[in-house]
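Just so you know, structure 1 and structure 2 below are the same protein chain in two forms, each on its own as structure tokens.
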Structure 1
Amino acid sequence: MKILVTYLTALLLACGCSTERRDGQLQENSTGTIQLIFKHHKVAGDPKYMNELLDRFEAENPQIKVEDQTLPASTDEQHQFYITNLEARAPDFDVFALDVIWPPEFAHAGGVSSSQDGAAEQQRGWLLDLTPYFSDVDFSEMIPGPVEADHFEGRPYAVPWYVDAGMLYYRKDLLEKYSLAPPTTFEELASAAKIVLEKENNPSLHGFIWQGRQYEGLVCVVLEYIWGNGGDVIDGTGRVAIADSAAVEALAFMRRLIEEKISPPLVTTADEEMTRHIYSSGRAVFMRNWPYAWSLMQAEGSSVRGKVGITVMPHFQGGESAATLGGWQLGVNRFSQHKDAAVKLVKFLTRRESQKFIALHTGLKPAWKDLYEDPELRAAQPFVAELLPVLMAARPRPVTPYYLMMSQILQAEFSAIITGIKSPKKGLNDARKQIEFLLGQ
């Protein structure tokens, strides 16, 4: 049944993406104009800014037109779409946005292929090797985590577009009201949430909300607890450490958050946007989310405008704070028929001016380190200055071409634990065995 559902989802995704057509941009390619297709998820904020950016690109490159097509927001569904299409060597999109966890898999995918004249073409993978086009770019001026993820065997296959790291949001007004400081440990967070909930005595107020649905976001969240307790999925020696006591304790704590009603059961079905909507309507004291949510909460009409603080993820007593590295990259489909034009678009969208524009208008955070000193960005989003060290220190999920398979195992077991179907020990042991099998241990 599960296989059938996955297959049907893949079929649907293979043909059913929505198209965000930009007015007047879809004339056929009869005058030598190159029509590029750019696929990406719905980027936070008003889509008019992405359109404005693409209009600027077209003005600078009058021979190229861009049609952008949006995919569902969930990274898992997008991944399914890309593997279905790229496996079939589909040339029908040129530039696409990649989650930071995909480049190793996509650069490594497939085998030796044949070029038109029948000669063996040694290049593997689904992404165009960008080495010849990006020799003028100094990647050391960007945040290192995504740059590393985008390089495969020392060569760039994608370029960081914006960077994410898990952050803790808190209600400044409510903490001040009860003389509580922003928590630095998970234990402090739980006790502060309990105090506010008791004193406020408001049944529609939740203590702490986070992304607990069975999907990639859950892995991002859980890792912050495991790392924050000194644990890991795979340790420095290559041993699968996911069932060690540090991880068991971390997951037991997460389950207790729900049992003790600090987190409502709805977190087990929540993703980023669901938690953001609840938080923006003033119905939670704490939230874990990516940085994009902050600008949206400061927008006109938000009922928590001016009341929200943002800080680093807590850790367990004796542990260290660890934020999961997230973010999106741009790459060129190796089967595209317009590779040079596609590279131009990637260059344009990832250059400083474009990343600054996106940061100002959507709240997504740039990959260029010096933009964190930018006076205009600092004035608009004061916490940007403190964000750079957090993004620089954010921890990547295991960087391997097999990450997605590993994540599917973790998603199922983490979900079974937080919903109380399996004990932390049992779920993590089951995850350990499957990951060992995957890695041939």
Structure 2
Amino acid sequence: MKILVTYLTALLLACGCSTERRDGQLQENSTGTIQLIFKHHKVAGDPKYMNELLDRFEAENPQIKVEDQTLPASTDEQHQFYITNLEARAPDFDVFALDVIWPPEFAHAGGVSSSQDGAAEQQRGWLLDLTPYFSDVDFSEMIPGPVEADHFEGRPYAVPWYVDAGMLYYRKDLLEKYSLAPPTTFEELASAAKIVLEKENNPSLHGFIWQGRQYEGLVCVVLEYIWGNGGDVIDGTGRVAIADSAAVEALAFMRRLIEEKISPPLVTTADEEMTRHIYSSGRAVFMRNWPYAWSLMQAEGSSVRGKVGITVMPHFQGGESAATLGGWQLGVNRFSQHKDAAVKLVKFLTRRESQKFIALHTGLKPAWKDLYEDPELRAAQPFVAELLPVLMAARPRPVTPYYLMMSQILQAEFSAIITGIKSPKKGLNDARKQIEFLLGQ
């Protein structure tokens, strides 16, 4: 029975998942119109806005029809769907959305393919190299983190669609009450949290909450401490630096947050939504989370509406603030039979007008820097001006084809450290040895 369930699960993944039928037609018609399949996760907000955007594309390109098909919410399941189909060189979808950590893996995957006449074609990877198509685009006008993540060996294989980055939320009312400034260092954050907790004397109030469950979110959080102390997973020479003193000190500080009751033990099981619900109910002074949480905390019924400020992630003395980059990119399936049409769709969805439309109607943040000065966007979302420094400070996770395997190592060792199973030095040394083996060092 277990084998049957596993087979059926794999079959469902390979077959696609849900489809948003905008016109009720999935088949190509007989008029010569090109039918593009656009695969993506469920985009935040009302689906009507994505449909409206695709209607605009079709109006500008009447020879092209687009069918957008949604994948399961889990990024692990989305990733599995893509690799199952792309390993088989399936042309069944043309444009697809990628988590910011996937482009190097997908650009590196596969090997030499063959052309229809049987000649060897010296091109690897599952993503179409976009260099010849985007020569007219100045990527320096975009937020640098996602641009870096989308380039592999100096060439663009994906384009930023919308951007995310870790940020610090703080209770403006509580800091003002005790004449405290928003913290710029982790030491200042710990000190301010202690002062507020002592003064408020409220057992249900936590000092600082963050995502500490053993999953990708934990890696995102920990990297902000390591980078903020001048450390890294892999240094500029390619050496695995995860066990250096900067990383050991950063993890030791995170563990002390729990031991000193600044952060509650529950953070070791918390994800984004768990921490957001705690914070929205008024039960924490500080929270690390992504920008999406802001608008939700300003909604009717939120206990902290109008009481929350945002700022860049703190750093350690002598370090610099750095946020982990999140967000989604658009790429073209190298095995698509409609590459030129697919590139047109990617260009349309990633241009300024489209990213502004998405930002206005879903709250997802654009990749173009100048949109953060746009009067209409600022009027609708006044806090976007404060977001630009956060996003500009964002750094991609290690840009390597082997990142997902590396992440599995880091998740386990980071979790062991913050839960007290291993010391920071022991856990990071174990991580270093495994990553060196993975990279063949």
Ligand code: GLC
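Please note that residue numbering is based on structure 1, beginning with 1 at the start of its sequence. Please read these numbers as outputs of a predicted model, since none were measured by experiment.
Of the two forms shown, the one predicted alone is structure 2, not structure 1. Two rigid parts turn against each other between the two structures; the point where they join, the hinge, is L325 in the list F208, L325, T362, Q214. A two-part rigid motion is described between the two structures, in which the smaller part turns by 20 degrees against the larger.
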